[in-house]
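Heads up, the chain below is alone and in the form predicted alone; it's given as structure tokens.
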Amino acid sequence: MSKALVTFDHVVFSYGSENVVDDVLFSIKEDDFIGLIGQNGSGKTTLLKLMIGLLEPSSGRISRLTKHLVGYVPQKSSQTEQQFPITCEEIVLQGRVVQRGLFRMLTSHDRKKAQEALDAVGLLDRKDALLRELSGGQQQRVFIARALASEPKLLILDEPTVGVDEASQEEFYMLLALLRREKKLAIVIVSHDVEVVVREVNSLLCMNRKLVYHGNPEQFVEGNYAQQMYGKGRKFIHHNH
């Protein structure tokens, strides 16, 4: 039986008197590939920050299996780094700081782990390249490698395919499938591209402050959840792989 990596137990988060996340209850397990969806203002970003540990609940409880559990790839990761002459390997080495601590020197072991992470995303041969020399899809892989370098059990990606063309998106999801198998990762992906996400993941979390739906994509498509979240007339077609 799969272990729960992160568990939300009736979690509430409020800004002032307004509940942005309201009585949310679910677990992320070792073999999960979860799509987190919802309209703007539905609480997705806040839920993400609670998962990562950047926010603490106003009430309820969040439990985690280990301290250094989560690898996080934020939205539009590359924009700041592109302004500096930084190599792919140097970016990925930043992920080792999670393991070693901020004020400890990086070692040859850390460099080896960074190179293994680059190899896992197919970019070891570009380790000395500057980030700005890479395509948008390759840059996204570098930041996935940075997250992998911290040796997480859970990988969280926030809108990872924004600005990436259709062919690169297909390669991206193939990479995630490979990482799940080889690294034994649980993955949470936040996306507005709902029709793609429901084809790729094995579980959906649908937010509208409360948890509107938590379950498999087929039942989401077959039910009326899409209309609850996105309005009448919105339907999704689910294709089995």
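Just so we're clear, the structure is a prediction, and the values are computed from it rather than from any experiment. Numbers for residues come from their place in the sequence shown, where the first is 1.
Separately, the form predicted together with ligand ADP exists; it is not shown, and the next lines address it.
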item	value
The unique member of 63, 39, 202, 59 whose heavy atoms fall within 4.5 Å of ligand ADP in the predicted complex	39
Contact residue in the predicted complex, chosen from 214, 209, 29, 180 - any heavy atom within 4.5 Å of ligand ADP	209
Distance check, residue 221 to ligand ADP in the predicted complex, heavy atom within 4.5 Å	no
4.5 Å heavy atom contact, residue 12 to ligand ADP in the predicted complex	no
Residue 35 within 4.5 Å of ligand ADP in the predicted complex, heavy atoms	no
Interface segment, criterion being heavy atoms within 4.5 Å of ligand ADP in the predicted complex, picked from 194 to 202, 45 to 53, 181 to 189, 168 to 176	45 to 53
